[in-house]
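One chain is shown next in structure tokens, namely the form predicted alone.
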């Protein structure tokens, strides 16, 4: 988790955006033995510039990231606002400039995609059935698969859910059948995967009574899913 927190901080600082670390009630309520954080490889990135006299806080750039200065560091005047603005931070209602500013901010997304944390694929690469999970579903799904010892099943676990790693489309397409476990009522991550990749996960197992999945529940659902496939063939 130390890596995740540092990654979130650096992303927010570099791209000047909000970053959300998602958790859930399961993590809040449990006791867990956590190894001491290894901080030696963590690096605090510094993206503050020394402002020149003609400093433009919202300068239009190729990658969408405007240079970020702070008051008192450099010769430039640092002024910010929350309404639409020109490069010099003055409010504007210029429609063409508004479009340019929105396009500038959207260009950040292309840069952020270069820093996506890819999902972990647990199990062999020659899977027939792919189990998908995120958040606190990791523990029960992994333990269930360890118990089942079925080499045809692999587990795709997401540590970052937005932006989604575009390479997952190949991983999903390589599976004959897919099943996802989610602790919500609507299959929110299932819908996001379909929106961003066009892939529709075959089976959704949703639990939203306030309790996490148990290992036994995951095993039972997987056995039923595999049994249904066998009978269907």
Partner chain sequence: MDPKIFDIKNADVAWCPGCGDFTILKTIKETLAELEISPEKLVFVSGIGQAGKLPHYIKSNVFNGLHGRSLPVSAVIKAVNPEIIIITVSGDGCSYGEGGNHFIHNIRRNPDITNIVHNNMVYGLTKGQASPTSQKDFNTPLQIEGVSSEPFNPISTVIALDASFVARAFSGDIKQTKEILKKAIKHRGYALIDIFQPCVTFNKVNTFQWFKNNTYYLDESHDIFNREEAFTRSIETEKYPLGIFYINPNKKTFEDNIIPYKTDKTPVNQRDFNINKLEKLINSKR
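Positions refer to the first chain, counted from 1. Being a predicted model, the structure only gives us computed values, none of them experimental.
Another form exists, predicted in complex with the partner chain; not displayed. Remarks below refer to it.
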Checklist entry - Is there a non-hydrogen atom of residue 78 within 4.5 angstroms of a non-hydrogen atom of the partner chain in the predicted complex? => result yes
Item to check | Proximity of residue 44 to the partner chain in the predicted complex, heavy atoms at 4.5 Å | outcome: yes
Next on the checklist: Since only the chain is shown here, I'm wondering whether residue 30 would be in contact with the partner chain in the predicted complex (any heavy atom pair within 4.5 Å).
Outcome noted: no
Checklist entry - in the predicted complex, does residue 91 have a heavy atom within 4.5 Å of the partner chain? => result yes
Checklist entry - Going by heavy atoms within 4.5 Å, which of 189-197, 63-71, 204-212, 162-170 lines up against the partner chain in the predicted complex? => result 63-71
Checklist entry - Considering only 162-191, what residues come within 4.5 Å of the partner chain in the predicted complex, judged by heavy atoms? => result none
